[in-house]
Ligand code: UDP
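First, one chain by itself: the form predicted alone, in structure tokens.
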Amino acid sequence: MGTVVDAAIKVANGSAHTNKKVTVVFVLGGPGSGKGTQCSNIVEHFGYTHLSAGDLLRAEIKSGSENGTMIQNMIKEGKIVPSEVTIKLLQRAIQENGNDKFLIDGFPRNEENRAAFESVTGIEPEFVLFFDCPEEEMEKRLLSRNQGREDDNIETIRKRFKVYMESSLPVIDYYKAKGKVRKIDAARPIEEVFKAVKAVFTPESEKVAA
């Protein structure tokens, strides 16, 4: 779909490069906006590989590494993990995967993330899929999902909303100015949201006039 971006992906040791042509779509939206659910649908229908920045960070925490302990402490505080940590995890995931189409979910979280990602990887997103959802609805969803996640309590949720509002919206504004934002009303039922998502991912040539 659209143009394919040339990406110079640095390998973990930083000494060699692998030239890999990839299409990247950034998936942004507040905590509880339904990004994960919709990413699963996109993977199933359009063949993308879903990379969740949050899942990669949680996997690093579970690994018990020193990096993981630092990440855990920052998440508890509702702070943003340093760009280089997340970018390294994303690079490794892209590099080790055989696919060439990726959804990057929950990243970039701020302008510094965005600039560092484009600078380090050479990748500019095809577009940004933005799930727009009112804070009250997101809070309700997070409190009811009860997945046993340590960061799903009311105090931390409100910290995460504050961080999201202050940090992520400038990223959305940046890509909006470049005509790369596809905004989805995420407060609607899952099926209706995916209908709107499908319209974004279906190439014009494949859309049949009603």
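Not measured: the values here are computed from a predicted model. Sequential numbering from 1, following the sequence displayed.
One more form of this protein exists, namely the form predicted together with uridine-5'-diphosphate; it is left out here, but the text below deals with it.
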Would you mind fitting uridine-5'-diphosphate into the shown chain by superposing the local C-alphas on its pose in the predicted bound form and telling me if the pocket reads open or blocked at 2.4 Å from backbone or C-beta atoms, 3 atoms or more being blocked?
open
State yes only if every one of P125, K176 and G179 has a non-hydrogen atom within 4.5 Å of uridine-5'-diphosphate in the predicted bound form; otherwise state no.
no
Which of 77-85, 114-122, 128-136, 95-103 lies within 4.5 Å of uridine-5'-diphosphate in the predicted bound form, heavy atoms considered? The stretch 77-85
Partner proximity in the predicted bound form: K62 to uridine-5'-diphosphate, non-hydrogen atom cutoff 4.5 Å:
no
Considering only heavy atoms, tell me if R58 and uridine-5'-diphosphate come within 4.5 Å of each other in the predicted bound form.
yes
With the cut-off set at 4.5 Å between non-hydrogen atoms, does H50 touch uridine-5'-diphosphate in the predicted bound form?
no
Give a yes or no for K162: in the predicted bound form, does one of its heavy atoms lie within 4.5 Å of a heavy atom belonging to uridine-5'-diphosphate?
no
Are there residues in 87-102 with a heavy atom within 4.5 Å of uridine-5'-diphosphate in the predicted bound form, and which are they, in order?
none
